[in-house]
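First comes one chain, alone, set out as structure tokens in the form predicted on its own.
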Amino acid sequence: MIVHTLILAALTVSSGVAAAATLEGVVRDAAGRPVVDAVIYAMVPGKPQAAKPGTSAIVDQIDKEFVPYVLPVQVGTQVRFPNQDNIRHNVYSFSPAKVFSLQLYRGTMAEPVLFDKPGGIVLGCNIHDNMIAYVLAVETPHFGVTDAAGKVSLRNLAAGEYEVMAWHPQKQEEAAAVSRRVSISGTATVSFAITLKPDPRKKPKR
């Protein structure tokens, strides 16, 4: 009887893991068109989470562009900025969430940049004004970037209450992100509508 009870308990735990929740996020603009490069992230209210030590990410520099254009990271992540071009670049930010400046260089910088505060960070190059990208540091491991259809899936969430937010660097509203309080169990879908400013990258390269 004891063994039978333990087996049932183990099966219950296993089925709970298998039933992890999924959040399907959709972002569209004011005209109903899908928005690419929007970040959707889900936080447990009142429980900010920092990244595990050693968590890292990359923003590359290719053909005078930062790649990716938008990079979400968990607070506590170290980001490297390798330069794949045969010319030197500088990487800097004056954003309150992270102020830094890397000297002109080619190749791979030895030291990464630690993003230790939440918020949106604008990246630039003081040699090439058309180079621009964004890092969004969030206090949760649950985030993703929308594809060309304006969609992203966040998988393996524990069932429960979440604050789900959508952020885009060209969002016209003053607030950094729009949010929804969502109870997730199984699969939930959240839709956002945002108004966008013009894309600053659509300028001739120098």
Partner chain sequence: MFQFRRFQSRLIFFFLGLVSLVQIVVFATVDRTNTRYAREQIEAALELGARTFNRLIELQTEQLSESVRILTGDFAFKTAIATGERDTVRSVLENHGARVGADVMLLLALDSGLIADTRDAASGTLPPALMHLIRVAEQDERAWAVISLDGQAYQLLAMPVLAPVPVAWIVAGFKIDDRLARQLQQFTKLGVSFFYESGGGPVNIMASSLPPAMRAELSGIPDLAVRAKDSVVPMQLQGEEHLVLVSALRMAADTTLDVILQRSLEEELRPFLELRIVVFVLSCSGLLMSLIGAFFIARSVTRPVRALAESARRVERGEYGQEVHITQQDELGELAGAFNRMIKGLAERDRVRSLLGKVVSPAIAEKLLSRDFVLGGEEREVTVLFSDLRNFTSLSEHRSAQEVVTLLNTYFTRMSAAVENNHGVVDKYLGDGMMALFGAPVQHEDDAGNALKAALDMCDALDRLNREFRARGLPELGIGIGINTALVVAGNMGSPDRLNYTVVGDGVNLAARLEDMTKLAEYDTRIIASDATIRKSRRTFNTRLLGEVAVRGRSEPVTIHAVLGVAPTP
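Positions refer to the first chain, counted from 1. Small disclaimer: the values here were computed from a predicted structure and weren't measured.
Keep in mind that the form predicted in complex with its partner chain is missing from the display, and what follows is about it.
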Discussion item. Taking 4.5 angstroms as the heavy atom distance cut-off, pick the stretch from 128-136, 113-121, 71-79, 93-101 that is near its partner chain in the predicted complex.
Written reply: 128-136
Worksheet item: Using 4.5 Å between non-hydrogen atoms, is residue 64 touching its partner chain in the predicted complex?
Response: yes
Worksheet item: Across 67-96, which residues bring a heavy atom to within 4.5 Å of its partner chain in the predicted complex?
Response: 86, 87, 88
